[in-house]
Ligand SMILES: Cc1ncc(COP(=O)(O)O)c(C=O)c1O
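Heads up, the chain below is alone and in the form predicted on its own; it's given as structure tokens.
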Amino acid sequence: MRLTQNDTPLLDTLLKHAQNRVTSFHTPGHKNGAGILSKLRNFTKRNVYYLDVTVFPEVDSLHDPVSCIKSAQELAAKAYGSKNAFFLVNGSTVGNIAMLMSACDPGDSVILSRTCHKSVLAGIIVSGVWPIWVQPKVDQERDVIYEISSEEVEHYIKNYPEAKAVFLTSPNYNGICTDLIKIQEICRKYNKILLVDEAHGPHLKFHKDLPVSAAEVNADMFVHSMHKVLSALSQGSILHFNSDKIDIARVRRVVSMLQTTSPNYFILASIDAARMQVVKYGAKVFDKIIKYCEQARNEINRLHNIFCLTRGEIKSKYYDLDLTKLTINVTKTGLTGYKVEEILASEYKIQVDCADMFNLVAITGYGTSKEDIEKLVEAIVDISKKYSGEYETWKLKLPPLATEVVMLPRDAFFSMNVKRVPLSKAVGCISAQTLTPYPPGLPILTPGERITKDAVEYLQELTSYTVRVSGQESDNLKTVKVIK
């Protein structure tokens, strides 16, 4: 039988198996929920545990799919216009690592911005490639950071012709998308591989008013988190392959090596279901969500001390904005984004996706209702009335990050020849660790880089603001790990 986008072969197979109420002599040990702690089972009820099975012929194998998983992945590839789709149960993290390991050989170099997710740095380390870091563009008026523009991509390709690939993150956390159409043209012109972390954009292809997707420009490989905006369970992602420059057999080997041999079939089935939903109903669903978000922006932007990022501010020949994301700047309330996030959670029972010193990021999704967005706006309006006064004038800024990479990040990361030195005396040393301040969430030091005076002074300034630096190995950032 020929399947269509209305079908959900993996989900249907799993549901049919669950309804059979088979006596289990396979993993997992809870045995269809019988062994689950009663207070958990009383909340979830038992049916969900019948979906938690292991690999056997009826439900197919993620590592060698021949039936329902194979069919589900083929439907996903067709939906997004890719040649091959690989379901991931370790999130887009494993997809980012797999892209670098599949596209690059050890010693190759990749052009990318420090706006990338931490999993991309993990991929750089594991794959043994040289990063060619691009200095991110900072918008101090709006306290946001942009991905590489098409103009910068061409500049770096011309200056580093040895680079094998360009790696982009689009959309970023704020929903800002870069010019994928022009960047793909440039990559083709110079015969470079284009890899895109589009974890936050699995919905873009399915609505005419949303930015262009990596799927629509035929990027060589791209990854989608089907759980971030669509309806899949957490960790449910898809890696798409669309390249004539990368060996598909190598991709299969790498993905299999990185994924668990005990995948959660409930997650896999939810990817299948999310694909069907967005193809069949996505345009109508996101029509409503975009409308609700635009109404929210308009209401928030009438406040005197809180504002919401708009497409008009971002849209240019280089950038666009995903209208389903709300970036809400709260600095003029006298509070940090962290504090407002805490207030929303404790007083209004609202949880945003993330916060920094300046902004809240509220992600809407397939299940977001008009009432949900109205509740958020009402809370923001209330907070606006309660908090207005003195506020910090500290601006989002970065030191020069076009640093000298003198040692492969992999070699520096795994080196045993390391020591700790006071941060004040680290200038000129080679970093053996990653230090990422929040905000802005970009690594200031990565393994293999020579530590500059600008980087040290920036980190010292941040510690004076009691900003937490991810990667520090003590309560205070007083020392850094370097190569001896």
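One-based numbering along the sequence shown. Worth saying up front: this structure is predicted, and the values here are computed from it rather than measured.
A second form of this protein, the form predicted together with the named molecule, is not displayed here; the remarks below concern that form.
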Would you confirm whether the three residues K182, V217 and K317 all fall within 4.5 Å of the named molecule in the predicted bound form, going by non-hydrogen atoms? no
Picking from F307, Y173, F206, Y156, the single residue whose non-hydrogen atoms come within 4.5 angstroms of the named molecule in the predicted bound form is Y173
So which of T333, T169, T364, T327 reaches within 4.5 angstroms of the named molecule in the predicted bound form, heavy atom to heavy atom? T169
Should S127 be classed as touching the named molecule in the predicted bound form when contacts are defined as heavy atoms within 4.5 Å? no
Even though the partner isn't displayed, in the predicted bound form is H227 close enough to the named molecule, meaning a heavy atom within 4.5 Å? yes
In the predicted bound form, does S113 come within 4.5 Å of the named molecule, counting heavy atoms only? no
Is N359 close enough to touch the named molecule in the predicted bound form, meaning at least one heavy atom pair within 4.5 Å? no
The stretch from 86 to 94, 380 to 388, 364 to 372, 340 to 348 that lies within 4.5 Å of the named molecule in the predicted bound form, judged by heavy atoms, is 86 to 94
In the predicted bound form: members of 94 to 120 within 4.5 Å of the named molecule, any heavy atom: N96, H117, S119
